[in-house]
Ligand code: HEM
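Just the one chain here, laid out as structure tokens, in the form predicted alone.
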């Protein structure tokens, strides 16, 4: 690989890809509609967007900018350019009944009841404002004054960071490690062990992904406004509008905190301690973040050796006796390899690959984790006892379909994850019947001896209040988008 191909252009990436902005405890997400195209273009062309380059000290305030496909069209981006983005991004999160059902956005989660994200409330632009303590109010006021000529604000989503999410569990513990040095081979190599190290192209467009391929994105003639764009690694004669960008998924999830703890205490026969144990089984971690699964006997690639809270897989717990198969963290990150475990050697590999090993086959019901990772950047909103509480879920991925939508549809909303029956995610499930009429409101807890303990008729604890797909462009691409058309 050439030096140019190895290069990672941190100064052209928005900082959210690299940083969680953990020291910037204050935040507000502004969702905008374009009202004056020319004024909007001028503001975007000069917006002070923070990059992923390393700084000696964190800046007091940070701005990140993302655009929906409707926003690109409102900005005047040519249809041929918009069509070069992924189908999921172009279609949007709402408005497609098939997608809404797959994502679990039906019943009380249906877009028709959202506060934002559907029809006239679909944002064109998302401005993500982060600030060190005490610096947000003035920063936000100045931004809102600056955008007034070109945009209207359809929603303000104030957010904050906390060590725990609203249900009270330690949060923000597990994240994939991005291969910023590009040490992973740029080819599809079958991995025998779970890895937490992900190819850069799983999250940043224009770089090779876990398949050794480049995700589709608009490649343009390098003339006119596109002349300032970086060239595509796999097609050096083309200007790469996607390079150093990512897709950003934003969902507002309201959490019924009181209802959650009341329900679990009820299932535990009125015993608060028993209710807490049920909650930990549903999450897959104890309240303090300690995993229910056993610590891995071998080091995990990409993990910090000192990070005891993530030093585990489910290899030694194939039937969910320690951590239930349907637990939330197990669904969100199954921590499996490309093949089920087995002895070394070609014969063992062939038997597992072709399905002749019955034990291996029983442990091969979940797709390989490394192709479906999400980089989470969400934050809480609200305060307990003071109105609505929940999570502004934010994730970054290079393939909305293969990453966010697969995880949400197959692993979170799916009622048959890992061979289960009638169970969706115990935290995020909408409890709506499946298309065949079967229930999805159960949760089973395997027992060492005897049948699993099964909870039926779980109430809904989390409700979707808004959502949209955005493109988080590289800094040069943002300036080009402000000029195209």
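Numbering follows the first chain given and starts at 1. Computed from a predicted model, the values in this text were never measured in an experiment.
Form predicted in complex with protoporphyrin IX containing FE (HEM): not shown, discussed below.
Here is the short version: of 73, 328, 315, 322, the single residue with a heavy atom within 4.5 Å of protoporphyrin IX containing FE (HEM) in the predicted bound form is 328. Taking a 4.5 Å heavy atom cutoff to protoporphyrin IX containing FE (HEM) in the predicted bound form, the contact residue among 124, 243, 373, 379 is 373. Note that among 230-238, 405-413, 115-123, 131-139, the stretch whose heavy atoms approach protoporphyrin IX containing FE (HEM) to within 4.5 Å in the predicted bound form is 405-413. Among residues of the shown chain, residue 82 is not one whose heavy atoms approach protoporphyrin IX containing FE (HEM) to within 4.5 Å in the predicted bound form. Taking non-hydrogen atoms only, residue 174 approaches protoporphyrin IX containing FE (HEM) to within 4.5 angstroms in the predicted bound form.
Taking the partner from elsewhere, residue 335 is found to have a heavy atom lying within 4.5 Å of protoporphyrin IX containing FE (HEM) in the predicted bound form. The shortest heavy atom separation between residue 397 and protoporphyrin IX containing FE (HEM) in the predicted bound form exceeds 4.5 Å.
Contact check for 253, 393 and 427: all three have a heavy atom within 4.5 Å of protoporphyrin IX containing FE (HEM) in the predicted bound form. Along 258-291, residues 283, 285 each place a heavy atom within 4.5 Å of protoporphyrin IX containing FE (HEM) in the predicted bound form.
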